[in-house]
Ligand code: HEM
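Okay, so here's just one chain, in structure tokens, the form predicted alone.
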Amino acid sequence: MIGARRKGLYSASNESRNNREGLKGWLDPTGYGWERISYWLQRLTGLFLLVYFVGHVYETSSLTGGIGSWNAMLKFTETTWGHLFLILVIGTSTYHSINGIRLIFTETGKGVGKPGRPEYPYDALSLNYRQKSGIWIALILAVVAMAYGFNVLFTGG
């Protein structure tokens, strides 16, 4: 049904009635180009970082319970699962930051292609080489940061 609507197989009256996909539509990155996938990853990493920051505030507030409480809370970060979680935090924060910078440039018109007449198959002219390379740079830097974090956390390097 979602793919059919994207292809325009529904009438206008049916479209207005079924235009609410809710969370399912928000979480579905398929059927779109790189710009939509990047947008989806930006939202997903933003939500993850929000949850992390709330947890981080809770973890830091354990210091008020004394040094024993603080040390008990830090034991989680010394486990393999804690290291993997920290690597995930490193990757998501790197991607979210770099892609956010790309989006700031996009919003100010830097690196965006010239507008053109929309003709079928409606390829986004604004998603030119610079924009696509910005998405790839964000992904590559996130992987590099995660690899570096893995090296530091698991090998002590």
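Everything numeric here is computed off the predicted structure, so don't read it as measured data. Start at 1 with the first residue shown and count on from there.
Not pictured, yet referred to below: the form predicted in complex with the ligand.
- Not displayed here, the ligand is approached by residue 46 to within 4.5 Å at the level of heavy atoms in the model of the complex.
- Looking at residue 37, you'd find every heavy atom of it more than 4.5 angstroms from the ligand in the model of the complex.
- Taking the partner from the other structure, the ligand in the model of the complex has a heavy atom within 4.5 Å of a heavy atom of residue 97.
- In the model of the complex, the ligand sits within 4.5 Å of a heavy atom of residue 53.
- Taking the partner from elsewhere, every residue among 101, 104 and 107 has a non-hydrogen atom within 4.5 angstroms of the ligand in the model of the complex.
- For the stretch 61-82, the set of residues having any non-hydrogen atom within 4.5 angstroms of the ligand in the model of the complex is empty.
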